[in-house]
Every structure is written in C-alpha cells, then in structure tokens.
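Below you'll find only one chain, the form predicted alone, shown as structure tokens.
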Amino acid sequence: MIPAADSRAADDKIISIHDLKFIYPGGVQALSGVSLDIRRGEYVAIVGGNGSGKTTLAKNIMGLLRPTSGTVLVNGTAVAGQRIASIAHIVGYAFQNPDHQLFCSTVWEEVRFGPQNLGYPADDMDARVEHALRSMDLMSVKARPPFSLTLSERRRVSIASVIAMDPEVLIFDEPTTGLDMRESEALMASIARLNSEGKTVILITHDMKLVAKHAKRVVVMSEGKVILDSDPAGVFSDLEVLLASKLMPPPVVRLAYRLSTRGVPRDVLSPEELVLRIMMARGDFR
C-alpha cells in the first residue's frame, strides 16, 4: 500500500480507523483489517468494485454497522457504544438510494427532521433548513412531497437533510447513480462547494471519471482491504491495480497508459492534460 502524503498534525484527524474487521451474519467477511486516517477538510474518494467493502466501511464510520473487531474513532471517540444520533452531529451519510431516507410529507419537513431530532432550537432549525435547501437549489420545491420529485431532486433533498444537521463530515454513497451528465455535474459542483466551505467529504464510488475530476485523495479497496492510498495521479498511473480492483479507468487514462511507451506519463487525469503531455513528448514546445 502506498501511504498518502501526511503533512498535517496528528490532532487534525477527524476519523481514525485501525485494523477494522466486519463479518456479516452468515459469515461473509466484508472488511479484513482496514486502517485509515482522514483529516479535517479532506476530499477523499473511497473506490472499489462491487463487494470491495467500501459501503460497509462507510456504514461503520457512521455507526450504522458496528465492528466485529478493530476500532473506528470519530473526533477521537470510539464509534462503538455511541448512539447514532450522537455520531450524526459529526458525520452525515447520504444513502446511495435517496428513497431509503425520505418519508415526510413535504421537502421542508424532510430537511427539518434531522436537526429537530438533534434538539436544535426552533429558530435555529428554520435557518438551517433554509440554508440547506438553498445549498441544493431546492427552495422552489420546499412545499412539495419528496416522492413527487425527480430522482435528481430527491437525491438533493436527501443531501440537504444531511447538510441541515451541519456535520463536519459528509459521506456520499454513489451520489450520481441514475443521473444524467448535466444533473451529475450540478450535484458534484454542490459537493465541491461544501468541501471548499470546510466540510470533510468522503465520496464512495466506482465512477473513476468523478474521482479524476473531483477527489484530492483516493483510497482503493479490494476484497475488504485497502490496497492503494494516494493522490489521483498516483492511483491512475497504476492501471494494473485499478483493473484488479474491478475498476474501469476513464478512456483518457487508458489511452495515456498505451502511449506511455512513447514518453507520455501515465498519471494523466483529463483530455486537456493528455494533449499537453503528448505535445511535450513530441517536443512541440522546443
């Protein structure tokens, strides 16, 4: 495993995971000794194919699942033994399927439900709800039933419900599934804005195009283990590891890999960068 660069102080860790193992009822081992630190303000993508353990890891961080062994610390406190409501003050989780979160009669009530259950004062709650709705561009539908909305809108409602609780960490599980390109780009721009405002973002995905464009750090999982932890350039330069993890790199990455015998570096993340690297390899700037 390649360790990620670590220039920040140890007390900047908001999540610390040590030798985490998780076995589902029936004996399926989903996590096999995962150790990982995530620091405040990071934008981390946890990637892997189906069955790699990435969603199980996220649910252990949130406290929705409890470790078979090992430890998960959030803000220095073990998740095991805490109430989920206590963890929700720090870590917010947006499910892959937004319909698993939605149940209130209006969008406003849906987004208000979380902070209400966390005990925020009424005037503070309303301010939080309005901020969350504006963040996700949902004020125009605040009086509508959530299930009358499009998938993209329902997904934004589920994320607004998390934002309203103002957690330090936001976990997004496959947030663009089922969305078209325009909807995906708009949603990812909103997530990037939250990160720029200081939120720690954990993106759970197998979509490597999203990773190349947005993540600052990438944790690759396979068969319940972390097999690579690096910046995006370092991850995309290792095509064998990605394929072994059942991940399909974007076409531009695969093309750069094929051109590496002609002097093009493998750590290309965008078509624009590939064109520049090809020109440099050809000596067009001499």
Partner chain sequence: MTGFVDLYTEGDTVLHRMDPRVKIFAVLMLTLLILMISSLVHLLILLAFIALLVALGRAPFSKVSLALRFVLRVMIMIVILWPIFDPSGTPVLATLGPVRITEPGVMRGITNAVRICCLATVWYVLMFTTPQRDLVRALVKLGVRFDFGLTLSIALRFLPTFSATVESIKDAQRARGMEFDKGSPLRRSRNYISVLIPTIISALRTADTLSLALQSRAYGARRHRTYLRELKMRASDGVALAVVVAAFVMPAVAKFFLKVPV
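Keep in mind that what you see is a predicted model, and the values were worked out from it rather than measured. Positions refer to the first chain, counted from 1.
Beyond what is shown, the protein has a form predicted together with its partner chain; the following relates to that form.
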property	result
Whether Y93, D99 and N117 all lie within 4.5 angstroms of its partner chain in the model of the complex by heavy atom	yes
Of D173, E110, E153, D207, the one that lies within 4.5 Å of its partner chain in the model of the complex (heavy atoms)	E110
Among the candidates A85, M188, A80, A127, the residue which, in the model of the complex, approaches its partner chain to within 4.5 Å (heavy atoms)	A85
Contact stretch among 209-217, 194-202, 102-110, 131-139 - heavy atom within 4.5 Å of its partner chain in the model of the complex	102-110
Heavy atom of M165 within 4.5 Å of its partner chain in the model of the complex	yes
Proximity of R39 to its partner chain in the model of the complex, heavy atoms at 4.5 Å	no
M62, heavy atom within 4.5 angstroms of its partner chain in the model of the complex	yes
